[in-house]
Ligand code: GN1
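Taking the form predicted alone, here's one chain by itself in structure tokens.
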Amino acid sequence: MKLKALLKNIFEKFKISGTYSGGKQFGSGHIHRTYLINTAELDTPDYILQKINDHVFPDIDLLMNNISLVINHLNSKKSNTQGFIAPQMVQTHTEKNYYKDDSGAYWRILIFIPGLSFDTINDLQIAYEAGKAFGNFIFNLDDLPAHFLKPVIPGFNSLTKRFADFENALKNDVVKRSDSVKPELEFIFDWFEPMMNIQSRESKGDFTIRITHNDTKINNVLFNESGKAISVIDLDTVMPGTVLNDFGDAIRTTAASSAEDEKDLSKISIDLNIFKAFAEGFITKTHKILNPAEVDHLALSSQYITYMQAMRFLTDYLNGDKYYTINYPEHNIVRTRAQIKLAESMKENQEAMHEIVKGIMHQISAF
């Protein structure tokens, strides 16, 4: 079936307001196939139609149940109506939140939220708004018990698991790439023990287990034309985690001076001004629920997540590019090198980042 006919056929399996008028591939996500579906009527919304990657997310019911719980809880919050919009899923005609087609593929539809998104930024106000958006997301879910959600990807933010996956990929070396990445391998091994500090503290119970987003890239925040954050999207990985995972990953993409696949390493560093702006927005929304250990490790969390992401890109490269969508054969190793350079810049600026966080907390506490 041709793409146009396929999209129209899937679209009509859902309870839609409006008539299908066309669809096109949309967004820059690594995991799912995403399409923007337009409707013919002026008074009906457009929609996001996604073919769910059931290799990455094999338990579709668990995935969609987690998302439903979070959306319903956000919609129950009065604060969510004050400029923030929760994503809205559309049910099928059989009252399900996904559709399985004859080929066994899984599809879902969400109402399209018009807005701007960015892969990189250099605007302090946008960074501040992004911090507020992710902070608001965590704060509004703080009273939803974490155990209500199940890990959609067990060990998603476990450095122990990621390192084991990496070692297995290196051992098997299925596409014979290990000899070409020796400096990158050395980095992963050298940084492992220092980076285990955060996981060790988590294991001791120093950090609160909450419902977290776990994919806080800057392009998962939507903004209006005035630069105000209006929505946090892409809720696939909502599950129990720590605030450090969300803060660290947000800094990895928000405060980086370039995209996560920048080839010119000389362009890659941590932007302390963007870091400060994001941290101010984030802490403004979360300071009432953060414990001292979490505050003390916010700055270090960016190194932790960036290191882990470098490891994940390198693991996929060694495995033959099975997980992440790539645009050219070397894409994953380019991503790896970019993340390594960013992690090194974060390490060089660690003390300054920590002092910024302390200063923000002190300023907020003074009021």
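Quick caveat: nothing in here was measured; it's all calculated off a predicted structure. All residue numbers refer to positions in the sequence shown, first residue = 1.
Although not depicted, the form predicted together with this ligand is the subject of the following passage.
The unique member of L265, L185, I153, M196 whose heavy atoms fall within 4.5 Å of this ligand in the model of the complex
Filtering the options by heavy-atom distance leaves I153.
Can you pick out, from N97, T242, T237, N136, the residue that has a heavy atom within 4.5 Å of this ligand in the model of the complex?
The residue from N97, T242, T237, N136 that makes the contact is T237.
So, a 4.5 angstroms cut-off on heavy atom distances: do all three of K132, Y304 and V357 pass it with respect to this ligand in the model of the complex?
Not one of the three qualifies.
Would you please decide whether N220 lies within 4.5 angstroms of this ligand in the model of the complex, comparing each non-hydrogen atom pair?
Within the cut-off, so yes.
Partner contact for R337 in the model of the complex: this ligand, 4.5 angstroms, heavy atom
No, R337 is distant from the partner.
is_contact(K341, this ligand) in the model of the complex, heavy atom dist at most 4.5 Å:
Although this ligand is absent here, K341 would stay clear of it in the model of the complex, with no heavy atoms inside 4.5 Å.
Should D215 be classed as touching this ligand in the model of the complex when contacts are defined as heavy atoms within 4.5 Å?
Yes, D215 is a contact residue.
With this ligand left out here, work out from 244-252, 165-173, 68-76, 272-280 which stretch has heavy atoms within 4.5 Å of it in the model of the complex.
Stretch 244-252 is the one.
Can you tell me which residues in 308-328 come within 4.5 angstroms of this ligand in the model of the complex, by heavy atoms?
Contacts from 308-328: Q309, R312, F313, Y323, Y324.
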